[in-house]
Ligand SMILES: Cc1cc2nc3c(=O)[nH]c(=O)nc-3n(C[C@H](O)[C@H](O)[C@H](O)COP(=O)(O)OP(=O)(O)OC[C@H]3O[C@@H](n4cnc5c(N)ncnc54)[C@H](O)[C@@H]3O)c2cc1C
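Next up: just one chain, as structure tokens, the form predicted on its own.
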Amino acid sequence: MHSYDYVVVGAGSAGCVVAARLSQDPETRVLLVEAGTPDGPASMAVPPAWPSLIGSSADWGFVTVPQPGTAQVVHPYPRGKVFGGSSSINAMAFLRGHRAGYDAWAAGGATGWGYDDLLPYFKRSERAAGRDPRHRGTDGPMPVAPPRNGHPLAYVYLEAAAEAGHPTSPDLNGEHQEGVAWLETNIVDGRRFSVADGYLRPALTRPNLTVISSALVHRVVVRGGRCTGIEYSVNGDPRSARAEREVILSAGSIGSAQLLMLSGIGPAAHLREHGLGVLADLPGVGANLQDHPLAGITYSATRPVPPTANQHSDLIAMVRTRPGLASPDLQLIFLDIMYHPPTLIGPEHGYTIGFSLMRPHSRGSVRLAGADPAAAPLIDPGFLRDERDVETMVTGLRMAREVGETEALAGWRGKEELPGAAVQDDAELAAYVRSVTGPYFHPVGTCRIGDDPLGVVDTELRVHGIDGLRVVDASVMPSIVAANPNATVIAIAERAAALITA
């Protein structure tokens, strides 16, 4: 058995950050294990090709359980299985979301995780040239910028959004966190720039950092109430590693919850159902799963929509669905492609205005399908389980339709194909929303910060009741942020590395 100071599980967005930061100290021995391979398909580097990565060799290939809220559909639920994790297969969006979401964490008991607490770590992570240094980082590992050459339809969308009454934000990641803006992404010279590119690959030459790929972690090892290492296998060959200081789970909202339960840490009754001993009865493990439900209106186009060199949504908007809300609760996604379920028939040429609820009330879970570490877990995001989410999504549809029907888009617009202009009353629109809604692939919350009975980690991300074990990834979020979460995951990992080394 090899021994290290720290063992990090998962080379995704969080794990790349943690391993790179901890190994900056040449006296600290760090092991990073990843189930995937160092590189994925060649299309992984091509920004507009991201939809083709769903189901590829770089994806775990998960699916949800049937979702009653979306007509019992079983949805694909991709998660990255490659260096960089989901940052290597996602749509490369880099958004923080409104500060109110983070301040709600702190107000709810996650002391030290408010927006102002995280701001130094957001700034530390990014390299945002030309932005306001009061709010943005200028020399971090992750280059981030709006598109150099926006899609021609995006410029028309910008006019349409203004016509519909939406203000323009010069920087959604800066002082003005509401309105329509050019989407900042991690694209450099026309190629994807993953967290592995920013953090891990520059650190691979360090002699104190060991990285093992194609490594399936079976469980963490706990002796006398302390986590002492992990058991894993590489191509079926069983191995183990000892952690002298800590094991850090960075396997994501699906993987970290699954690993805790496989290790006997989680809801006692559920663990016993699968013949697992109970080391710590933590009912919050695997609970509180949240994702942003995503739907859209699809229009036929009067002419073929040109291909893009970007990631299909150069323009984005953060808006409020009703007056009196403290912060935006809806994202409008202005797409230069048609994006709808394959069960619905769209036009030959067209485009979609997407809408996604940023603060869903619905909650789901991750549960074990069995005690075999290779078995895919049961993923239930609970999409549209809460009727309030359906109502807000219908409002989002109406707001997307307002933009879609503007005079600015008249030169591109053929007609509304999905759901169709004849679909007008709330009941019909709700039925359409249920038929078209799918995942935004933003799972969070399954190992959340909290000292209540459903909390899994404390404010320093240490697992309750087990010494020497932390969780550092999207699963620790008490509630989902009002944005694509990758930028937040990186900031969480930056702060966690600072806590660990303090």
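A residue's number is simply how far along the shown sequence it sits, counting from 1. Nothing here was measured: the structure is a model prediction, and the numbers come from that model.
What comes next is about the form predicted together with this ligand, which does not appear here.
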Taking this ligand in the predicted bound form, would 11, 50 and 250 all count as contacting it (heavy atom within 4.5 Å)? yes
Note which of 400, 73, 158, 215 lies within 4.5 Å of this ligand in the predicted bound form, where distance is taken over heavy atoms; exactly one does. 215
Listed residue (35, 449, 31, 436) with a non-hydrogen atom within 4.5 angstroms of this ligand in the predicted bound form: 35
Are any of the heavy atoms in residue 255 no more than 4.5 Å from a heavy atom of this ligand in the predicted bound form? yes
Using a 4.5 angstroms cut-off on non-hydrogen atoms, would residue 79 count as touching this ligand in the predicted bound form? yes
4.5 Å heavy atom contact, residue 484 and this ligand in the predicted bound form: yes
Contact between residue 489 and this ligand in the predicted bound form at 4.5 Å, heavy atoms? yes
Listed range touching this ligand, judged in the predicted bound form by heavy atoms within 4.5 Å, from 80-88, 280-288, 134-142, 101-109: 80-88
Select from 449-476 the residues with a non-hydrogen atom within 4.5 Å of this ligand in the predicted bound form and write them out in sequence order. 473, 474
